[in-house]
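Heads up, the chain below is alone and in the form predicted alone; it's given as structure tokens.
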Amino acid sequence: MHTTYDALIIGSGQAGPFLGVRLAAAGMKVGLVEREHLGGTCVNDGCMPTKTLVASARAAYMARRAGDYGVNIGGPVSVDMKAVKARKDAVVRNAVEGLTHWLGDTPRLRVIRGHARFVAPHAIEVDGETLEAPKIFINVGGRPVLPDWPGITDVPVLTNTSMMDLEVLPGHLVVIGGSYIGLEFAQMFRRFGSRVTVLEYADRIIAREDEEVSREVQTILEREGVRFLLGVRDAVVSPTAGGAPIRVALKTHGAAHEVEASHLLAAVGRRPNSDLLDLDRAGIATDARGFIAVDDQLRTNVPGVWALGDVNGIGAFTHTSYNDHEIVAANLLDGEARRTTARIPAYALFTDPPVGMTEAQVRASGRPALVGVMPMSRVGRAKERGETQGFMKVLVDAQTERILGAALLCIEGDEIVHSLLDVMAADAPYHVIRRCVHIHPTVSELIPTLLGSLAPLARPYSAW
């Protein structure tokens, strides 16, 4: 069977469905191919389910702290993991059902279930059916990888995907990887009631962040009872005869350790799903890590083929994937010339409190810069909430007075950061927000005060 379309989209993550609807509304006949589940990682085993679990974990954490606020809950706090999972499943199910109905009700758009593989530059095969289109958009995302530790394939290993199916509370969860995914799960399950140990190869967690951010996040999590082993080397995994089923033998800075775990979570990164598409049959180029090579308008080396989302290696977030679809749609349908290089990088680590952006590139550039830093212990809203951990930091170009970046390690930081992003996107000087009157009492009201405290970047962290 052979079917021709105006456009084919492979994958239904955050870029695919929205682009498909835009193209169909423009009069195109569109085929959207999905091999597993509509919505991709974010909806099914990424942002939406994990943040639902984070919310449950925070509820347990705050319940245990109820006495700090003068509230008596009348007994110890316990967590029903089956009920937690059921709540998460309901949130995901509702999202998938909504997406399914939306796509199903879209004229000129057909959802095709199956595994797509290229057979030519503008043709794919799905379960014996050949589909052809002059425009093809690849949105297949990525999948977790395991560390190459001896013995790791001989024991059960969880990933961020399989963690979504867990209905029991681990006695001791050992997390391999002290970065974004690993830290979210570490704090989450510690709050649920598990013992948690994080194993990290580097000498500090979230090593791409500024040192003071890494240090403060580790301090916050250690206060909650998370244990860290950093600088891990020579790790060997093996099953045990009794008790905890998994043993990890390792060294940190020459010292030997043995850690026994009831559950082992690998959170060391992800790889693109490009290797599942037979790209060589279409002549589509990838880089050394398997990411599909694209230009700043998301075009591959093959005319008429685009790559969006995690698979292109220029944005590993839901919001960048969605923005990819906006760029492609604007360029194809609206006569614009939008580019990925115009967007301002922003992300959050959804521990509690959330984390914003970074400073390292500013120092490396050598440009004269100003920095303002405010510990949350000086913020009235944080005091009222009883959550004074962390700090806010903003970096400004000393000559142009434009905001360069920020790190917000504080309550509601994932919301506050957008007030800064909007000023940056408008290419306005920091005075615009410095002179703005914000509502009291909020955390955001301290952003103007923070900007009023700017000083040369050379001032050391210890003096803040």
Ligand SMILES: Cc1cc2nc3c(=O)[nH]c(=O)nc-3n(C[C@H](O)[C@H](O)[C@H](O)COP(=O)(O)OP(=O)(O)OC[C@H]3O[C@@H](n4cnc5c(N)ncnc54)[C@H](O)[C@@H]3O)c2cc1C
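Here the structure is a predicted model, which is why all the values come from computation and not from measurement. Residues carry their position along the shown sequence, with the first being 1.
The discussion below concerns the form predicted in complex with this ligand, not included here.
Residues 8, 110 and 299 are none of them found to lie within 4.5 Å of this ligand in the predicted complex, as judged by heavy atom distances. The stretch that touches this ligand in the predicted complex, counting heavy atoms within 4.5 Å, is 110-118, out of 390-398, 110-118, 225-233, 206-214. Although the partner is absent here, residue 20 is not a contact residue: none of its heavy atoms lies within 4.5 angstroms of this ligand in the predicted complex. In the predicted complex, residue 192 stays away from this ligand, with no heavy atom inside 4.5 Å.
Put simply, residue 372 is far from this ligand in the predicted complex: not one heavy atom of it is within 4.5 Å. The shortest heavy atom separation between residue 149 and this ligand in the predicted complex exceeds 4.5 Å. In terms of contact with this ligand in the predicted complex, the residue from 250, 362, 316, 99 that brings a heavy atom within 4.5 Å is 316. Note on the partner interface in the predicted complex: the residue among 160, 323, 187, 218 having a heavy atom within 4.5 angstroms of this ligand is 160.
In the predicted complex, 39, 40, 41, 42, 45, 46, 47, 50, 51 are the residues of 39-56 with at least one heavy atom within 4.5 Å of this ligand, listed from first to last.
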